[in-house]
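First comes one chain, alone, set out as structure tokens in the form predicted on its own.
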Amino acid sequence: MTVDVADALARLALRLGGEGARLADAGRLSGGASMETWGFVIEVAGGREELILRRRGAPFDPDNARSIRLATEAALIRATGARGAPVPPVRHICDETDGLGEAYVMGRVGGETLGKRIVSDPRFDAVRGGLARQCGQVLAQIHATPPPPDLGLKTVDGLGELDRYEEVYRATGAARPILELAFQYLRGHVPDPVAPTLLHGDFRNGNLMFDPDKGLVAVLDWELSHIGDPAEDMGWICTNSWRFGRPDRPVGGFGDYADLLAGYAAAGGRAVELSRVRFWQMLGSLRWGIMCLTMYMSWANGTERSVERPMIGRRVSETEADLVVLLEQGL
């Protein structure tokens, strides 16, 4: 069923702002067919409120290995925010009367999310040196958050991820020696299990909001949250694909491993060995490479016609170059 989002937001403005409130502005910001992000403004007698609507444009797929409902996202944002993590304030979780389908509303946070600007724009020179430590501190707050009960979050471990992505890789029919070698190496170096924690699941430069004066001000995009090894979140932000042209700065293109780990420890996170982080970093490059490969294959076989698919698909060679370096260095 087609939803007139702007019309529904006009009605929601009255619900959120009360009598006399009106929708002053609304527009879609980004998102694909399955997920939409809208910015809108509510005006009331006392002023204006800038908000973000996050809604699912396609039916929820319970068979998706990492998919969680938007109400679950909102619950996790609230829970981690209560532990001190910088997150947007959740203003409202939509119900049937709102006519928006599966959706929630959060306050708009000012800042920058474009990774290339974070690593190179002079506006961030003053805070860039402290960003890796901040990321470690925030990850400790997220990992210390007890997941709200009955959310049904999936549990992930290193061996399970290798199995899952190798199955995806084999299904493509591709034969890429570097990916084959990475699977073999990682299977021989799976770290011992640790007590699992709540993970953001996509903690990386590009999903974080930064301010030129304050540094990290908001953690966004919680749709891949799950339970697992805390080093997984650390390894993902260290994956070279999220360094935006600064391979010399392993944490997000702006910092060093030592600062990330020091910030994590200072905020109460339990000790994490660098070798464990680098295992998940290597697995991150392998995982992203396979995701890029499947995006290209979906375009090549005609399933997807978006030009975005083959453009992202080209990046599989980038991940192979990353893996060669990591394999030479070892964990």
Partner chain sequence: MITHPRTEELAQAVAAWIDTIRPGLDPRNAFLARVAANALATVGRELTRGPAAEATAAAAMAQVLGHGGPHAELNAELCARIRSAELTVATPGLLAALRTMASDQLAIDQPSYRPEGTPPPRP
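All values derive from a computational prediction rather than experimental measurement. Numbering follows the first chain given and starts at 1.
In what follows, reference is made to the form predicted in complex with the partner chain, a form of this protein that is not presented.
>> Can you tell me whether Asp248 touches the partner chain? I mean in the predicted bound form, with a 4.5 angstroms heavy atom cut-off.
In response: Yes, Asp248 sits close enough to the partner chain in the predicted bound form that at least one of its heavy atoms falls within 4.5 Å.
Thr155 near the partner chain in the predicted bound form, any heavy atom under 4.5 Å? Thr155 lies outside the contact set for the partner chain.
*asked:* Since only the chain is shown here, I'm wondering whether Ser241 would be in contact with the partner chain in the predicted bound form (any heavy atom pair within 4.5 Å).
replied: Yes, contact at 4.5 Å.
query: Do Thr172 and the partner chain come within 4.5 Å of each other in the predicted bound form, heavy atoms counted?
result: Because no heavy atom of Thr172 falls inside 4.5 Å of the partner chain in the predicted bound form, the answer is no.
Exercise. Looking at the partner chain in the predicted bound form, do all three of Pro177, Tyr185 and Ala321 come within 4.5 Å of it through at least one heavy atom?
Worked result: Yes, all three are in contact.
Tell me, which of Ala82, Leu181, Val190, Ala71 has a heavy atom within 4.5 angstroms of the partner chain in the predicted bound form? Spelling it out, the residue with a heavy atom inside the cut-off is Leu181.
Please pick out the stretch from 302-310, 258-266, 50-58, 35-43 that is in contact with the partner chain in the predicted bound form, where contact means heavy atoms within 4.5 Å. Every other range fails; the passing one is 302-310.
**Message:** Given a 4.5 Å distance limit between heavy atoms, list every residue of 309-331 close to the partner chain in the predicted bound form, or none if there are none.
**Reply:** Contacting residues: Met311, Arg314, Arg315, Ser317, Glu318, Glu320, Ala321, Asp322, Val324, Val325, Leu326, Leu327, Glu328.
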